[in-house]
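Presented as structure tokens, the chain that follows is alone, the form predicted alone.
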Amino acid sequence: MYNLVINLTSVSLKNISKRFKNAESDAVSNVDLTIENKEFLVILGPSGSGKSSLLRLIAGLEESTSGEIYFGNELMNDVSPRERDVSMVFQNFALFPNMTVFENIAFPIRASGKDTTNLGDEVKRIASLLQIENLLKRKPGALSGGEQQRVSLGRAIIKKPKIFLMDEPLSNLDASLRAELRAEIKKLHKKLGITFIYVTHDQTEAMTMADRIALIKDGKILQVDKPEKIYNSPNQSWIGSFLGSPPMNLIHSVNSGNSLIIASQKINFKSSVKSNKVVVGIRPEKIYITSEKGRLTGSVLSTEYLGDSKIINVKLDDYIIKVKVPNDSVFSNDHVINLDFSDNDIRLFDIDGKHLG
């Protein structure tokens, strides 16, 4: 295996903002974020949320409007991209079509003017690490999409970077290949033992790969935490609606401190929250159907078959909520069903979407 000799480093962003010329708002707005040594951090957000802009600021490909970027204790604002000692992998593989796989991987070292005495051995060790050693004599046109992405990774690894930056690297691949390469990239991170910062709009990639997720919307970081924490305890209702398939059910409700009125139905629920008007959030998989009297009653509108499970769309007055059930469950349309759930699975938000506790 290729053993890299590297200097580990953390990344700290302090009040970083970026506004492009003639833009009405910041692409990145007052971001404070620390990525630890060896961490695999995923920056997750919808299209246009500022996640790629944030990655380019870290790489030095864009200049911040305000704020500071540190690698370890070193201020990087005025350090050129070449001198930041990072490697970046893009959505577009950007391989040289006239070069072999060997030449593509070796290119960064040859272009830098560094000593190439052991370059051949290093290329072969990296190719072995990525399981492409039998492809070294081929050109990119003869490779599959997954093989090309491995070559792109190899070209980034050979630079021995302090930090790996990855911008939607799997988005052009089909679903089965994305799943395979997700696992390969996680293994690569473990073997290399360096800091990975990975940008994606795909929540499956984020949930399966990240040590922590930084969730971004409209240029602002909304929550940074472990995947399971963000999923189960979102600090904003928007996060609940963004994460999950299907997403969190959100219902405008009335809170008395001892009860909640959900879609005109009153349930016992003790809470220290003082707000009278709240939004109740609950995941579809946390609701179950009971033959006994439940906390809520509704009628079946439709059923969605997912293979390993089904989604039941249930009408509660003017609301339609989703309930995830086993795939052998059978419910006809208009069937009246009783629903139950645990108090621990309820999240309360204010009408602006902020978590209340």
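Residue positions are given as counts along the sequence shown, with the first one as 1. None of these values were measured; they are calculated from a predicted model.
The form predicted in complex with a small molecule is left out here; the points below concern that form.
Student: Just one of 286 to 294, 63 to 71, 43 to 51, 304 to 312 has heavy atoms within 4.5 Å of the small molecule in the predicted bound form; which?
Tutor: Answer to the contact question: 43 to 51.
Student: Are any of the heavy atoms in L33 no more than 4.5 Å from a heavy atom of the small molecule in the predicted bound form?
Tutor: Heavy-atom contact with the small molecule at 4.5 Å: absent for L33.
Student: With the cut-off set at 4.5 Å between non-hydrogen atoms, does V300 touch the small molecule in the predicted bound form?
Tutor: The answer is no: V300 has no heavy atom within 4.5 Å of the small molecule.
Student: Even though the small molecule is not shown here, does A27 get within 4.5 Å of it in the predicted bound form, heavy atoms only?
Tutor: Looking in the predicted bound form, residue contacts with the small molecule include A27, since a heavy atom lies within 4.5 Å.
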